[in-house]
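Quick setup: one chain, the form predicted on its own, written in structure tokens, and binding and motion questions come after.
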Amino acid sequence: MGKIIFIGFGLFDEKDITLKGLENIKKSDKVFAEFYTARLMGTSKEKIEELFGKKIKILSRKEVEEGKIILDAAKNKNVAFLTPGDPMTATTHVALRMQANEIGIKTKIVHGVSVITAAPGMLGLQSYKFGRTTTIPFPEKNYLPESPYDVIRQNKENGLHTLVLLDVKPDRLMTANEGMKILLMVEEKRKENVFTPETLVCVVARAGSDDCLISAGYVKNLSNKDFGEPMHSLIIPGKLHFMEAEALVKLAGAPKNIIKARS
């Protein structure tokens, strides 16, 4: 049997990979990658292949979920599977690892930088004060995604912050503005005072890039602001420690009154 090495790309471009990740790629017989969980907006398949010195086959979500292509290759070869961020933050990757384990294929993980830790750090928020992470999918006909609203409500009830990831489609990446608009639509329907124009919200844009941007303020002031190119993420703060409130003011431009209102 061969081996599957799950390798995290990091946040923005091909240079975010760790030295250990690069070393394992160069030793691999075949290299696969996925970009349905996130995109590396600062690079291309050609640049990645040039740096790694390997041809890369990009797999769809369905191909990763089915697992057959990677598992068949790993029966007698060492296979690298590259993922944005950190490999084990996606359930499809965990499921693939379990499939490999069940048929005797060894696995290895080379971790990468993830927005789950990067976004809080950029804003000065304490990572241990976050509750469940959620993702806002694009609405479809007769479907308005309400589960992210529920996660935010539950986290707020516990005084916890919420990291909100935004949908990734082959031809479209959700912006922070679209994410806020969807949450406001759910608020209009539910009227539970979870996400209103007066809600404090944080935006992280292009984490890991040289022109990364962070911004904090009330929804009414940020919902129409131009944050530039994706990838974007939202953070909905819960109960702020005074140092967190000061960090949002000094680092992300939040209104100073949140320091007095932090309790």
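None of the values given here were measured: they were computed from a predicted structure. Note that residue numbering begins at 1 and tracks the sequence as displayed.
What follows is about the form predicted in complex with a further copy of the same chain, which we do not show.
Contact annotation: a further copy of the same chain lies within 4.5 Å of heavy atoms from the stretch 115 to 123 in the predicted bound form, the single such stretch among 174 to 182, 141 to 149, 72 to 80, 115 to 123. Remark: Leu11 counts among the residues lining a further copy of the same chain in the predicted bound form, judged by a heavy atom distance of 4.5 Å or less. At the 4.5 Å threshold, heavy atoms of Ile25 stay clear of a further copy of the same chain in the predicted bound form, well away from it.
Within 4.5 Å of some heavy atom of a further copy of the same chain in the predicted bound form lies at least one heavy atom of Ile17. In the predicted bound form, Thr133 approaches a further copy of the same chain with a heavy atom inside 4.5 Å. Of the candidates Gly238, Gly67, Gly217, Gly208, Gly208 is the one whose heavy atoms come within 4.5 Å of a further copy of the same chain in the predicted bound form; the others do not.
In this stretch, 38 to 56, the one residue having a heavy atom within 4.5 Å of a further copy of the same chain in the predicted bound form is Leu51; the partner itself is omitted from this view.
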